[in-house]
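Presented as structure tokens, the chain that follows is alone, the form predicted alone.
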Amino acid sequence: MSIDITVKIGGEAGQGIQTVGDLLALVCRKAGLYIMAINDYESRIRGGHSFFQIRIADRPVTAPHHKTDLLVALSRRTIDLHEKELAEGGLIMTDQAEDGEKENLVSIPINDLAVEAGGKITANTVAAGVCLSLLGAPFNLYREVLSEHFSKKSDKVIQDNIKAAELGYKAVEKRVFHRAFHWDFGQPKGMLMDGAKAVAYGALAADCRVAAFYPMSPATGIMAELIARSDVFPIVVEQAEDEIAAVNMIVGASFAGARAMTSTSGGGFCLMTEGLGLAAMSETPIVIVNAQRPGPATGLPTRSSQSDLLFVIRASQDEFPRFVFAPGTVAEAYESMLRAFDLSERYQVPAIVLTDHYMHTSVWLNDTELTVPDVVERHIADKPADDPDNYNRFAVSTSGISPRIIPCTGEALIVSTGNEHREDGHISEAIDDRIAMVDKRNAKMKAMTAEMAPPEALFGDAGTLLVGWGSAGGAIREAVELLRDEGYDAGALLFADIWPFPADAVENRLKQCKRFLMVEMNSTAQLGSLIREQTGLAHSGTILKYDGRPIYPVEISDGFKRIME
């Protein structure tokens, strides 16, 4: 029988919910299982309600499940909010002694056991031990994980946690949980990774040398990871006074020859649009990660959204080419960063990578190899093709790309400005110069469009296609599986490369199906609007979610059925 179990740990911010989830994930990985976990928390340091939900399976899983098999309630509110999500035969584990023992509830004095083990600080180790015992995990496996996890701590810390784990196991050793299973799956299938780490690792692999940012959830995790690696990699990470300073810092760093990036969320990206325009006018390559969250204004700081798509494609004044990517997996996030840096520099345009809170804070077991380039190709001219005294930084060319020389690396004078200019970079308001520069920048679009990968097709010959982008892709994949198991002729198109829009490939694919439905985490089906604008093809229905929470496969399959009926 296949394994597909969801454990949800809920409580207040500050109770160490994440630690319990991390320990479960580490044990599952070591056992050779697959996991996918989501973090749900309010924008507060203490109190409120948070949960960590981990899905454990013996096959790759790409989205959370809507039902919970084991609910670990570290607060009374957790039961009130999530008891209705219990699957048939599901179990609640609580540390509330007054709840007593019921058919679907087991009360464990977690804090008392932690004190017995050596201190309240081990309470999370006790809780994880209870969960693993109920699921049938061998204790030796958990012991090994604890020894590795606390390897940099003192022997006392390690022993206290092992004792806490033993007490957790013993507390439920006589309790039978029908979802327990036999743990014998071999070696780990991959590495645990969240989206923020994948983006950071991709930037490092692309030889990013400067990163500037102003803290803004959920993008801060990228910079935190870069800071943690800055003692090993040659990268400078700077916290600026605001987002305007951050984007201008990376424009300056790139102008001086360093690959540079910033990360922010929608509100911060708004402030960066003037700097985005400066990069476009000066044809300076930069990479911006926009980790979307619901807005407008402050919105929901710790929730997810896909509402910035049309904004980033049109952001800043006037018209200019740019790249926009929207990865849907951690592997795609890593690869998108490699491509963003390379293509931004190759075409001397900004590149924007769209992610979101769900991708940044969720954890997947990634079994796709993340390759590191042996050599990072730089698209910089060594010297002027002709006379250095007559070097034109913005020389008109058929491709729109001019030789880019780094200032102070030779005899040529490099002139650049935020104003419209001549080929040599000096400011000009002449009609001929204005037309020439606009046409030059736009000339890049043909080759840029050819760089864009078409959307991934799943059962692309199906009569009805579910079309989505970015982090919604995992849920769409599983929804297609659910629908096809029930006999529906369903497939999917999943976009990771958004702009320049691969119109010909999309049009050819969509003309082969009877209808297509948009699946997006926004209220207006923004990708659907873009498809109609670029191809003239209109979707037949929408499955939209914009409450700030991840979309579940069952929500997509149910929406599909409603539309088809």
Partner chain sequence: MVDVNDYNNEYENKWCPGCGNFGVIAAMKDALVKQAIAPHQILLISGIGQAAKLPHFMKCNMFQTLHGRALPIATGARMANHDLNIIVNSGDGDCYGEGGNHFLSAVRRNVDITLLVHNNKVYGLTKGQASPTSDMGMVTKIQRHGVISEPFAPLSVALSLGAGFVARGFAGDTEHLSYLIVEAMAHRGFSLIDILQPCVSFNKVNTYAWYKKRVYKLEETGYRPDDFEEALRLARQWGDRIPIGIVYREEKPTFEDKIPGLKEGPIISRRYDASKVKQLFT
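Positions refer to the first chain, counted from 1. Keep in mind the model is a prediction, meaning the values are calculated, not measured.
We do not show the form predicted together with the partner chain, though everything after this point is about it.
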Is every one of 204, 211 and 244 in contact with the partner chain in the predicted bound form, taking contact as a heavy atom within 4.5 Å?
yes
So which of 489, 144, 85, 238 gets a non-hydrogen atom within 4.5 Å of the partner chain in the predicted bound form?
238
The partner chain: the contacting residue among 448, 251, 106, 171 in the predicted bound form [heavy atom, 4.5 Å]
251
Just one stretch in 135-143, 456-464, 290-298, 372-380 has heavy atoms within 4.5 Å of the partner chain in the predicted bound form, so which one is it?
372-380
So in the predicted bound form, does residue 274 come within 4.5 Å of the partner chain, heavy atom to heavy atom?
yes
I'd like to check something about residue 334: if you look in the predicted bound form, is any of its heavy atoms closer than or equal to 4.5 Å to a heavy atom of the partner chain?
yes
Just checking whether residue 419 would be counted as a contact of the partner chain in the predicted bound form - the rule being heavy atoms within 4.5 angstroms.
yes
Within a 4.5 Å heavy atom cut-off, is residue 434 in contact with the partner chain in the predicted bound form?
no
Judged by heavy atom distances of 4.5 Å or less, which residues of 20-53 approach the partner chain in the predicted bound form?
none
